[in-house]
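What follows is one chain in structure tokens, specifically the form predicted alone.
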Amino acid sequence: MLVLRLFGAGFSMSLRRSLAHRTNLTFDVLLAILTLISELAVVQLIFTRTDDLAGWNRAELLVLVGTFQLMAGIRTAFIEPNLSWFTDQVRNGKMDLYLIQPASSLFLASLSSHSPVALTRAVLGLAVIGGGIADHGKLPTIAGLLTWLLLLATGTVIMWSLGVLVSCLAFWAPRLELDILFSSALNLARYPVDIYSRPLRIVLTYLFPMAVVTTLPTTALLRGPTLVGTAAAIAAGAGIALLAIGAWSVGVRRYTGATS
């Protein structure tokens, strides 16, 4: 419960800080809208040339784009504000501040700061998903909807875990910046993994499972869930989360602090 109270307090403080800068807030919202418009323009351009993209029609791809926007908004709101600065905090010794607090250092380093305005992107994503489902002409089943929500939660855990794992490299190589690798992999999730070559598809499914972030949830929502696929995704999410927690524990023991 302490973690939830800290999470709520951090979100409230970040929201007040965002509302205090109205001009920045306005531009951030406009940027989110323009980003979404560019995404939809690409989809429209693709389907002026074909009716099918690796087995995905226009309505299905719209739902996937909406799911990507939703997940990217969640990541930008809750994960990125923390881990994007983590390497600098380790390099400059500011990590000490987390270790002396009476709360989990992993939580404080990875989830204590937020960017609430980024949730605009998530809301816009939900609108696109609704439009895509209407265009699809067939409502999702209850099982499909529940599995979609479950896989979105799993995808969020995977995004957080991969972010923590990449950040933990700072304990061993403080000058190594791999955030761009994580961001690039996430950008590949804006399209179904079926369109990529087999080697890249294997990487995005098993090694860097971005397929769980967008492709699998969208497939479950529109085409119905599969027990094996859902169970494998949840197992992958749990395994990566445990790996991230373990890497953090080992890294913290290695950390020597600013005064060492």
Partner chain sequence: MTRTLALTRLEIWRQILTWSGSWWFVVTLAAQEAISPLLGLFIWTAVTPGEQVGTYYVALLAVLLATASYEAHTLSNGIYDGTISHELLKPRATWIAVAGENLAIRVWLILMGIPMLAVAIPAFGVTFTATNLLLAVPALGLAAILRFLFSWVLALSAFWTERAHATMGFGGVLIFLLGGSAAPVPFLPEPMRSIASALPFRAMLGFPAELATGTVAGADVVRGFAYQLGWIALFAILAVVFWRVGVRRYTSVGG
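Numbering follows the first chain given and starts at 1. No experiment lies behind these values; they were computed from the predicted model shown.
Quick note: we don't show the form predicted together with the partner chain, though the next part is all about it.
- Within 4.5 Å of the partner chain in the predicted bound form, a heavy atom is found for none of 78, 248 and 256.
- Checked against the partner chain in the predicted bound form, the candidates 101, 184, 92, 141 yield a single residue with a heavy atom inside 4.5 Å, and that residue is 184.
- 177 is the sole member of 135, 177, 96, 88 with a non-hydrogen atom lying within 4.5 angstroms of the partner chain in the predicted bound form.
- For the chain shown alone, residue 30 is a contact residue for the partner chain in the predicted bound form, at least one non-hydrogen atom being within 4.5 angstroms.
- Looking at residue 53, you'd find a heavy atom of it within 4.5 angstroms of the partner chain in the predicted bound form.
- Taking the partner from elsewhere, residue 226 is found to have every heavy atom lying beyond 4.5 Å of the partner chain in the predicted bound form.
- Taking the partner from the other structure, the partner chain in the predicted bound form has no heavy atom within 4.5 Å of any heavy atom of residue 12.
- Annotation for 27-47: interface residues with the partner chain in the predicted bound form are 27, 28, 30, 31, 34, 35, 38, 41, 42, 45, 46 [heavy atom within 4.5 Å].
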